[in-house]
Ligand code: SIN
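One chain follows as structure tokens, the form predicted on its own.
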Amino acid sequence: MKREPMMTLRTRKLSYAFGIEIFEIDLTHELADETVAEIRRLWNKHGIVLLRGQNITPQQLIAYSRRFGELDLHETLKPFRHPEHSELFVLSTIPVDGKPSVSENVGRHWHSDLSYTLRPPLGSIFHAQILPEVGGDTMFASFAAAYDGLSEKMKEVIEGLDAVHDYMGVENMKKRDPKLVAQLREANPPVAQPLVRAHNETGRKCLYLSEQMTKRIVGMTERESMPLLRMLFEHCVDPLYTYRHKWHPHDIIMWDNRSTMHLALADFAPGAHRYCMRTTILGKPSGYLAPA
């Protein structure tokens, strides 16, 4: 693969609080190390990076993703893996052998990828390939900007608290095959994560919770926990801290799972198809198995 020389990156902001688009990147060619380092700097700073017009192969997506770290092979999510590339997580509404795709309803809630694991990912790199004529948008929210927007007293209240993330809390589990749900439950027991995490590359503090998977604060009951967790979640999705992305074919968005969360909207007609692939870049170990 031809390696491109280092370039000065031309950019534009995507929203007030976070997100940036980088122009004139061509991932059919191998990027210079200096260019990758600058993309990483912008990614750390802005939380999400948009690269449009990337008509690349699965192998090229994997190769580009590896420039940012070790890739997850999705061992705990085997039903969603690409049949030929374990590094790729497939999100599709296209039926398989006459049956609905197992990933048809994945991501329909606010979440940070794999927060319910003991090694939550650094980031995800998502490639949109087949899209509905209209809809199929994705919402993003900045954990970092939301944390900055809290009062100093609230920051004191939540500092040092851990919260339980449980994959089985996802509402659409009720729509999935019971055998698949049992397999996912065994592979993904509840995990406790800090409610406030410091980004390990920038040091910036970020909230860390999920709409459906964050069940309670460690040491508290669900009933005691919910008022605080609900307030924090609603604060995170204030329009001031969010961005809605309307996909174009071959868009790539890189999102930082340490400082953002996202929601795949079901805002397209039944029978319309969406096919996308994602790599997942492993992060630092975090959390512990949740106490009963």
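All values derive from a computational prediction rather than experimental measurement. The first residue of the shown sequence is 1; numbering continues from there.
What comes next is about the form predicted together with ligand SIN, which is not displayed.
Just one of 256 to 264, 31 to 39, 227 to 235, 60 to 68 has residues with a heavy atom within 4.5 Å of ligand SIN in the predicted complex, so point it out.
Residues of 256 to 264 come within 4.5 Å of the partner.
A192: heavy atom within 4.5 Å of ligand SIN in the predicted complex?
Flag for A192 set to no.
Using 4.5 Å between non-hydrogen atoms, is D72 touching ligand SIN in the predicted complex?
Contact check for D72: no, nothing within 4.5 Å of ligand SIN in the predicted complex.
Applying a 4.5 Å heavy atom distance criterion, does F126 contact ligand SIN in the predicted complex?
Judged by the heavy-atom cut-off of 4.5 Å, F126 is in contact with ligand SIN in the predicted complex.
Is there a heavy atom of L91 lying 4.5 Å or less from a heavy atom of ligand SIN in the predicted complex?
Result yes; L91 sits at the interface with ligand SIN in the predicted complex.
Ok, N188, T138, Q212, S115: which has a heavy atom sitting within 4.5 Å of ligand SIN in the predicted complex?
By the 4.5 Å heavy-atom cutoff, the listed residue in contact is T138.
In the predicted complex, which residues of 19 to 38 put a heavy atom within 4.5 Å of ligand SIN?
The stretch 19 to 38, when checked against ligand SIN in the predicted complex, contributes no residue at the 4.5 Å heavy-atom cut-off.
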